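Next up: a single chain in structure tokens, the form predicted alone.
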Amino acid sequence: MSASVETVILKIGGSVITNKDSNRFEIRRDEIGRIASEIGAARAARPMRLVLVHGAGPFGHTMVTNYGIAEGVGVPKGIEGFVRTHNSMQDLNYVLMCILRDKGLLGFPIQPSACIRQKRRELISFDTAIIAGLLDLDDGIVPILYGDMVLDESIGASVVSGDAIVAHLAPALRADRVLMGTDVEGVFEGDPKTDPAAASIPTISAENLDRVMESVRGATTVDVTGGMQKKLIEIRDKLGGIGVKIFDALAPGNVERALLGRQVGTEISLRR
């Protein structure tokens, strides 16, 4: 492996690969196929070590809400909800992995519940060695992780979001860039889905972060992981030294442009 090859973490939100807004258990196979093709094109033009993390959509959020296990599994049918939610996320991950395979990508699923533990819904242990080992083995391998239910030392089990996975994985792998594909064009002052006048924020720095945090609202759909506001908190607390882009992954060509380092969405650099 060449030392000059950069490491990139690409997060694709559940709102991109599922019908999250309607809370229907539907996978957007065409969108996943398009994104896979764009990943392949970008990697052909610019060699990189790539890790893919994807969100849950209804396959996780709606399951957690329906079973009432957002605060742990100490409720009736809590253990069943824990297991069924994990099974649901594996189903989603398997479909995504198969589509990537059909597009020629060497996706290698990593089960988060097998390598992550939490306490009071906060990630406390993450064995990233196998992910680093896969990347060292060959640049062509794409480790794939996803939001999941994991064991929790204080409440039995809890949700680990894709954003939390990215926030801990990027420093561990010394990632050069983090790309977060969502269903909006970037970060806005307000919610662009409910307020057409919401202004986009092209860049976020240490100087304007506090103001941006005050203006960003939480998720409008069923999202047990906190939406855009929690995403920015994870970036602030864990990824201050790594460049981040938040962009619209539903717009054709944007995933490829982001991977190639071109301007899309909101650029976040908190280096002082």
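In case it trips you up, residue 1 is the first one in the sequence shown, and so on. Computed from a predicted structure; not experimentally measured.
Heads up, the form predicted in complex with another copy of the chain isn't pictured, but that's what we're talking about next.
Exactly one listed residue, out of 198, 173, 201, 134, brings a non-hydrogen atom to within 4.5 Å of another copy of the chain in the predicted complex: 134.
Checking 177, 168, 86, 121 for any heavy atom within 4.5 Å of another copy of the chain in the predicted complex turns up a single hit: 86. By the criterion of a heavy atom within 4.5 Å, residue 101 is counted among the residues contacting another copy of the chain in the predicted complex. Using a 4.5 angstroms threshold between heavy atoms, residue 116 counts as touching another copy of the chain in the predicted complex. In the predicted complex, residue 188 stays away from another copy of the chain, with no heavy atom inside 4.5 Å. Interface membership of residue 159, defined by any non-hydrogen atom within 4.5 Å of another copy of the chain in the predicted complex, is ruled out. Here the chain stands alone, but in the predicted complex its contact with another copy of the chain, taken as any heavy atom within 4.5 Å, falls in 108-116 among 160-168, 177-185, 108-116, 190-198. Interface residues of 130-158, taken as those with a heavy atom within 4.5 Å of another copy of the chain in the predicted complex (partner not displayed): 130, 133, 134, 137, 138, 141, 149, 151, 156, in sequence order.
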